[in-house]
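Here we start with a single chain on its own, the form predicted alone, put down as structure tokens.
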């Protein structure tokens, strides 16, 4: 048999579709086959059980000795002698269509709502195609989410990947739904198509998103890929790839601006760890595979804008930090790949603040290029810097007050405490259905700063103070 690297195109055509009977080993969602022809990595596989039922799989590992196949529907009921494997000779593809908007699909892009899917406009490799870095257009367009703490301090830019670092029991799903409903590009008649990928979430979470989109009237502009908690865990690995494949079609072939929400990336990484363990790979930090970084990068780097094309892909991955540990491998590696993070604070949530976003560890690295004169407002960059600096000092004053008591604080420190309370209750906190303009957000920020003496405002100009302070 020829080496896989020596196979010609004709060889692959002749060998594709060849069927093998009898598995060597079945372990979890993995099936091990020996004595096959040279198989390509990521190749699509059809597995036929003893009753003739067909399951879909993908080649996870290939060598001269053994081929490892992961089955998306699981291996329950398979027997070693009765298992048949048919190698298709091409990668897993998704039949994409603009008509998939408004539909509820499973992780493989098949109908979950019971209705037939429309005829596709073409098959696309779910692994995507790398974008030439020289053809990327630098993201600069401000996206107004209608949420003050985001628009004012952690501004989202079109084409950006900005993850939400949350924890169990925190309202990250509510925030994601609110952004999906309210997101818009100012000064342009542009609406976002929403591609939502759920991995290992409970049914009530999926139902929340569907109901939220239905009630707001945007469901017809949303494609939902749902791999729920009771679905095979292996399906979670392909779910974000299916969602991003449709997003690329809508953005770069249909010219749409697409907002991709992926939740929960922690469940996705847990599936990677499960498969890595079954394969007997040497574990890295906390048992995760050493290729966790590159695997996440394959997903996150599928966002952006391409020069000469109208569409864009903006990503909002959501991950729940295990034990609220921001140094855990998942948020740690995600922070290296993405352009910032939105960090939730459990203590703020306990005090009834929504969204409970801690502005100090939160960051948008592309913010500076999408705000200011002609984009938001000329005072926005300086105002944001001043709010960061003043709120940071509030934390110090609160720590001091916990030691010596508030009655022992100076008058200036008392003013900072008042500013901090106003900032959290009026600027950060807002209703779930409240959509604020950027002008209103900035005005509230100036009202907060007006609680401090003007001489404390060192990061705004005298002209800005004259125009907005105590106005």
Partner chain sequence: MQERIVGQVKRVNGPVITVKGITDAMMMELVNVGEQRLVGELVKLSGTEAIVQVYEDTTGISPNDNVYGTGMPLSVELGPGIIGTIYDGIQRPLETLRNVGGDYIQRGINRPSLSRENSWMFEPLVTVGDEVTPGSILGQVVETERVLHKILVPPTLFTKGTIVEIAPKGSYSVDRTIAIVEYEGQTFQLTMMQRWPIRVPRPVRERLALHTPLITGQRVIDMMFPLAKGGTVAIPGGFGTGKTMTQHAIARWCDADIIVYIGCGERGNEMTDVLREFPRLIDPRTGRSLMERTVLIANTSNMPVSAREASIYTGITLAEYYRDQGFHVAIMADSTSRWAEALRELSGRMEEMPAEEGFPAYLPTRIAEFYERAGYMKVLNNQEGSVSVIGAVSPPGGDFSEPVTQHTRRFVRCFWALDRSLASARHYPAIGWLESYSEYVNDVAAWWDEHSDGSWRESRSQIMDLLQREVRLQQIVKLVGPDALPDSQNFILEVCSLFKNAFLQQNAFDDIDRYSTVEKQIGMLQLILSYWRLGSEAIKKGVPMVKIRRMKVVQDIARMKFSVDNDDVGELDRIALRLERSLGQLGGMYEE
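Numbering follows the first chain given and starts at 1. This one's a predicted model, so the numbers in the text were calculated from it and none came from an experiment.
Omitted from view is the form predicted in complex with the partner chain, to which the following refers.
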Practice problem: Name the stretch: of 195-203, 258-266, 99-107, 329-337, exactly one has residues whose heavy atoms fall within 4.5 Å of the partner chain in the model of the complex. | Solution: 329-337
Quiz item: With the cut-off set at 4.5 Å between non-hydrogen atoms, does residue 309 touch the partner chain in the model of the complex?
Solution: yes
Quiz item: Hey, in the model of the complex, does residue 174 get a heavy atom within 4.5 angstroms of the partner chain?
Solution: no
Quiz item: With a 4.5 Å heavy atom cut-off, would you call residue 40 a contact of the partner chain in the model of the complex?
Solution: yes
Quiz item: Do residue 410 and the partner chain come within 4.5 Å of each other in the model of the complex, heavy atoms counted?
Solution: yes
Quiz prompt | Residues 69, 219 and 350 all lining the partner chain in the model of the complex, heavy atom within 4.5 Å | solution = no
Self-check item: in the model of the complex, the residue from 148, 376, 271, 362 that sits within 4.5 Å of the partner chain by heavy atoms
Solution: 362
Quiz item: If you check 398, 84, 184, 279 against the partner chain in the model of the complex, which one has a heavy atom within 4.5 Å?
Solution: 279
Quiz item: Across 379-417, which residues bring a heavy atom to within 4.5 Å of the partner chain in the model of the complex?
Solution: 385, 388, 389, 392, 400, 403, 404, 410
